[in-house]
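Just the one chain here, the form predicted alone, laid out as structure tokens.
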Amino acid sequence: MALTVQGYKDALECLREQQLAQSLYDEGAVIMADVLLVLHGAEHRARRLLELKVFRRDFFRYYEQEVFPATLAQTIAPFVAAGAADLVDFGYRVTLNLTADFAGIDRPLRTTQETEHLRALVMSFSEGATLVHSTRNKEEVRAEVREALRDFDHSFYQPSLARRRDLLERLRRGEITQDDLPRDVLTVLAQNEDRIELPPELMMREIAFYLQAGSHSTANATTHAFHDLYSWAQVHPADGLRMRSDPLFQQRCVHESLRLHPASPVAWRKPICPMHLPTGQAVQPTDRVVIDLASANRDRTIFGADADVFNPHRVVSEGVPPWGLTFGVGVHTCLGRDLDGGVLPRPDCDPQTHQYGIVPLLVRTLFERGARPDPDKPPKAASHTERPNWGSYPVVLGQA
């Protein structure tokens, strides 16, 4: 039996409930089996604590301010030269390199062909991970994902792992220090293989999971945010000007878009024992609990009478994040939340040093480049998934 939870407060409590285990990605086990996102209990806690060594706030600030600008400049240059881009494709390309850096996948050639090779693999991983919402033949998708994993293992993962094991051996011999090691998930896992049960094939899929999770959600969020902010600015030109001059306001606009477009519209959970949900409903281990994140993020008792629409001037109660439940809460809170959306500004924050997040920075850059929807090529919804994502979103670049 499937039970649906819709209200914000009930959804929040269900996400926090430790007797409910992740189950949305069971269909995509070809890539998702036993990766961090689907673990539960002590095993999840141990691996999360280990991988959190990478995801500290100073790490995100370093990536945003030091690594990301160069990656963005390199990726956007050919699109600027062409005067056009597809935001879905552009989003994947710019976030792929960033995600590969903190996942621990080397790209020694740094060529267009190498990036395209990795992008194709990661898009296959994303389709496999979200298989429950796929409109395609599921066995066909699984076969494609298995082939992509074999290619990824040979072409990218094994060389990256070999380089890190060599560095760890040099560290053991005292030739280098800990500060000389790459700061990424693969290095952390390779350095602690004796502390956690992570078979070689699973360790490879764990890195593949990080690649697809980071690039897939960020690319989709960027396209949604651009559409929402651009559409709002056309009707509210004063806010459009403010978006360009006030980066803190623009970040707030992106947070409102993130509320309206969670990466997955639902979260699925399964009880690990007979229990009662926060709603009072009794559930058994054979039941499925569907937490309607999209509906919870539009709860009018929390977000107001206009909760269904984009409104960057929305005021929410203290303790309610402006993005709602988009990044999750509890043990499965998205590790990349601060990297994607930045941190909430304090009243005394310095706009020059504030951490805005990759999605706000991407949207800001697109606005600065005069990006606007291509009048001759209207955007299209994705047809391969039931998720409300864009399949293509052509824009022209240049002076607006």
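This is a predicted model, so every value here is computed, not measured. All residue numbers refer to positions in the sequence shown, first residue = 1.
One more form of this protein, predicted together with protoporphyrin IX containing FE, exists but is not displayed; see below.
- Proximity to protoporphyrin IX containing FE in the predicted complex, taken as a non-hydrogen atom within 4.5 angstroms, holds for one residue of 209, 90, 303, 157, which is 209.
- Think of it this way: in the predicted complex, protoporphyrin IX containing FE has a heavy atom of just one of 129, 229, 85, 221 within 4.5 Å, and the residue is 221.
- Although the partner is absent here, residue 217 sits close enough that one of its heavy atoms falls within 4.5 Å of protoporphyrin IX containing FE in the predicted complex.
- Residue contact check for residue 44: one or more of its heavy atoms lie within 4.5 Å of protoporphyrin IX containing FE in the predicted complex.
- Mapping the unseen interface onto this chain, residue 332 counts among the residues with a heavy atom inside 4.5 Å of protoporphyrin IX containing FE in the predicted complex.
- Protoporphyrin IX containing FE is not drawn, but in the predicted complex it has no heavy atom within 4.5 Å of residue 68.
- Heavy atoms within 4.5 Å of protoporphyrin IX containing FE in the predicted complex are found in exactly one of 107-115, 196-204, 261-269, 236-244, that being 261-269.
- For the three marked residues, 55, 213 and 326, a heavy atom of each sits within 4.5 Å of protoporphyrin IX containing FE in the predicted complex.
- For the stretch 87-120, the set of residues having any non-hydrogen atom within 4.5 angstroms of protoporphyrin IX containing FE in the predicted complex comprises 98, 99, 102, in sequence order.
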